[in-house]
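Shown here is one chain on its own, the form predicted on its own, set out as structure tokens.
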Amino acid sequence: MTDNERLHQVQSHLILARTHRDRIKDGLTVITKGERVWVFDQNGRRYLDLEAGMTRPVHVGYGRKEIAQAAYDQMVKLCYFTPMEFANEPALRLAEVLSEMTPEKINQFFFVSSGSEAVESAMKLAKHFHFFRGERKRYKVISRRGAYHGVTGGALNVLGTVLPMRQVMEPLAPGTVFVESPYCYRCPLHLTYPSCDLACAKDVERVIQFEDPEQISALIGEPIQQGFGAYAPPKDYWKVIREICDRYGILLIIDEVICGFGRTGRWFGIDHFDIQPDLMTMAKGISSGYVPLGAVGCTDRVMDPIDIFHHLHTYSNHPVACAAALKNLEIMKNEHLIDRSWEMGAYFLDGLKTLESHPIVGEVRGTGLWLGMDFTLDKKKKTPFPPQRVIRITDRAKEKGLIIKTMGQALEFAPSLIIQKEEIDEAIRILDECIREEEKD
């Protein structure tokens, strides 16, 4: 047995996240190489990756040697230095670049290693803001049912979906309040937009009053939600939320970990809604997955009262990660990938819309190159489709050389922003086959 064969045995020493042991027993798929929007397994089989690495970070595609070179050059110049009391050039430059592309007043940044760490840091900054202003009772954070904000301690507290990830770790620290999400396809309030008058947004004020406004620090939300499958709220939803937060002195944290850096056809998802956040979290597309990197950005108003940020990660403001991110963002600008995301997203959405003729396809939606296909057992009643059957569609797709993923009763699509029309056409053809086969079963 060769070393390579031994490495790929089922009895691997590697722990896989969110992977049932029964699926591991069926045999590991080891991804060994990536090129553009394609990945290859240990047997040399090629897959069209419609999820940009499954967790959606690879915005510029696989195999970008210029990013690897930027990381190498920085490693040999300065591989690391502490984020306490000292700065480094790549972190300073990246903060300057981000200040020019984020919403106008977001102009101060702290770099971490992941989206979860970014969420933790944002909630800590919000607490620091109130603490140093003398409002030390403000500790509660409002999140939404269906939200995904990561799985570290504080981030897990505001996790409103993928429930076992939270439930196994309960009881959690107190201080999280959940409100309903704007999921109009299956409204949790059993109302219909626009006659509902944005009841899900306006009800946030009632919850705030019940919880005591003087105890609430922040409200956190994704501009477009992952939990229901790339679901965008009505246009005025975030304006209502912004007004409510302002009324009660609550900071608004917008989580751009998935939406940011062109995924939705704008630099940031909140750019579609014309509001000003107080804090923003970022990760994934900031480095296109070439190195671990996340960030939190905030306004001067948030930072001005804070004498010292009592927080530390060893790898915060990491010079190599920041250097790689700078090159990644340079590529995105030079190749106009934000505009391309919007154009290819519209093309992809049109193709997916043709599949709404299937009896089990309830709704197709998308913003830029982040799209969802909701399944149902009854189109009129919108009866939820069994999640295990949606998973069967992803298994069928993998057998045909297409990598896709589920989110609740939906399939979610988030390819690299460099995807071509012919690759989208191939994906639509395979999806059509998989859906037909599931209907027959």
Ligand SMILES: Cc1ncc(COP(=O)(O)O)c(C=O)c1O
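Only a predicted model underlies this, so the values are computations on that prediction, with no experimental measurement involved. The first residue of the sequence shown is number 1, and the count goes up from there.
Quick note: we don't show the form predicted together with the ligand, though the next part is all about it.
Only one of 360-368, 109-117, 313-321, 328-336 places residue heavy atoms within 4.5 angstroms of the ligand in the predicted complex, namely 109-117. Contact annotation: E222 falls within 4.5 Å of the ligand in the predicted complex, judged by heavy atom distances. For P90, no non-hydrogen atom is located within 4.5 Å of the ligand in the predicted complex, even though that partner is not displayed. Though the partner is left out of this view, Q226 does reach within 4.5 Å of the ligand in the predicted complex, counting heavy atoms only. Using a 4.5 angstroms limit between non-hydrogen atoms, K284 touches the ligand in the predicted complex. Shown without its partner, this chain lists G160, G150, P83, G289 as candidates; in the predicted complex, only G150 has a non-hydrogen atom within 4.5 angstroms of the ligand.
With the partner omitted here, the residue from V296, A230, L251, V257 that has a non-hydrogen atom within 4.5 angstroms of the ligand in the predicted complex is V257. Using a 4.5 Å cut-off on any heavy atom, none of the residues of 25-40 reaches the ligand in the predicted complex.
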